[in-house]
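Encoded as structure tokens, the following chain is the form predicted alone, with no partner shown.
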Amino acid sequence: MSMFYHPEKYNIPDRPMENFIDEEEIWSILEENKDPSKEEVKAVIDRSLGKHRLSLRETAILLNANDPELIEEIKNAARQLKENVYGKRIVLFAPLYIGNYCTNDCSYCGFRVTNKKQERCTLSKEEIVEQVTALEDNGHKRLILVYGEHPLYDANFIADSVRTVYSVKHKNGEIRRVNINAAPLDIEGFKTVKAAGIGTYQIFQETYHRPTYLKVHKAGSKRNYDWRITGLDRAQEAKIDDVGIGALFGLFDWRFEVMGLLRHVNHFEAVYNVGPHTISFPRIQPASGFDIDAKYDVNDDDFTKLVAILRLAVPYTGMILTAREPAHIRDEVLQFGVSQIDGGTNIELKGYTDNKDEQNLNHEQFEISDNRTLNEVIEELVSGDYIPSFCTACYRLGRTGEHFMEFSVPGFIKRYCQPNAMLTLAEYLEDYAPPATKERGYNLIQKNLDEFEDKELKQSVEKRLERIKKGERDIYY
């Protein structure tokens, strides 16, 4: 265990596979930093712009800042920091739901075992191939596979479905990175899944507040708070060093949940010397069988604020925003926090091949709010001067976990991920884009090339772009 200490907790070291959330600690830090002065807030903002990860106390100061002018300064700083670290690129992916059988009874989820309206389904191997082919034909290169929590979906099943996805090659299409959102496994189970070649393994704690957690998770293995919160520790012990955390906003006080996420980051850095690869922060959406009190609903103003604060608090962690959010919110928070979004999303089982005019909540986990096609999302990104990226280079070259942090901290992301984003965008433009999108996309690529200060790198990228135009694929740094 790395001897890093959690400074707010009286120098008590974190330990692997032990719960690390102290509710009293979180509340006391929030309370001690109520009504911060402008000078305190500005000092924290200045520190964050130096690409320093913020402490719980510093994050609490930002969370407690309520002056509209200070909130705008927080957002402006997040915009600046995001561009300094990530450049103008946005990674694109799609979710693929593999099965919706579930033994849990979660009040917010359409998959809950007591929801008799839910039509249960598990994709066969042939159906997975059909869905992946459809996704490849739209241009996707990165997927996250989503599973209900059920004995059917054990480690061997997950590993087999991952291998099936990777096996699908259609025309110029292929899936180059498969991430997972599934139940916590034991260490041996995580080893089995790792052997299939997964990217990131996501487990969302949903809420870090134990009483609320027990209230909304009424039955099933997910009711075990400690098993879930230590799930990604077991993944790390199995050498899965790309892990994703998340909270479902709307279950409890949003400020507490932000602090819980940051405490989770602290834990990984203390025990495994690396932070999570991604953080997710979905808001609750209606679902079949939905039964949640609206008391803790997060309004748009607070949501955009918390996204900006998360970006300042964890400069080098990827932040994921999904199609749960409407287009106008997605477009706003892209500016000051988010680095990954899904596009052309369909969360219905077999939804990428079954054309339906309306969402069927009896097949879905929840409602989505952004129904734009992948090309529409790409058009929107390009019009905002963002470079849509399907890059998977770091994962495939072994730049993950602690190694990824070594590369990312000195600015590696901006130097190499931007060229890789341009190369994967060129692949999309050549293989899938309508003529108007193709023209706009290449104009954006040229604009970014013209801004390169490194002439040697510029020439190298230009040569690789020409190779893509001549038919080569999967070229990266």
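These numbers were taken from a predicted model, which means no experiment stands behind them. From 1 onward, residues are counted along the sequence shown.
There is another form of this protein, the form predicted in complex with ligand SAM, and it is not shown here; the text below is about that form.
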Can any non-hydrogen atom of Gly244 be found within 4.5 angstroms of ligand SAM in the predicted bound form? no
With a cut-off of 4.5 Å between heavy atoms, is Asp342 one of the residues that contacts ligand SAM in the predicted bound form? no
Taking 4.5 angstroms as the cut-off for heavy atoms, does Gly199 touch ligand SAM in the predicted bound form? no
If you check in the predicted bound form, is Glu149 within 4.5 Å of ligand SAM, heavy atoms only? yes
Which pick from Thr304, Gln285, Asn375, Thr192 sits with a heavy atom within 4.5 Å of ligand SAM in the predicted bound form? Gln285
Among Tyr108, Tyr352, Tyr395, Phe157, just one has a heavy atom within 4.5 Å of ligand SAM in the predicted bound form, namely Tyr108
Of the candidate stretches 170 to 178, 75 to 83, 307 to 315, 277 to 285, the one with residues having heavy atoms within 4.5 Å of ligand SAM in the predicted bound form is 277 to 285
So in the predicted bound form, are Phe93, Glu427 and Ile445 all sitting within 4.5 Å of ligand SAM, heavy atoms only? no
In sequence order, the residues of 171 to 196 that place a heavy atom within 4.5 Å of ligand SAM in the predicted bound form are Asn181, Ala182, Ala183
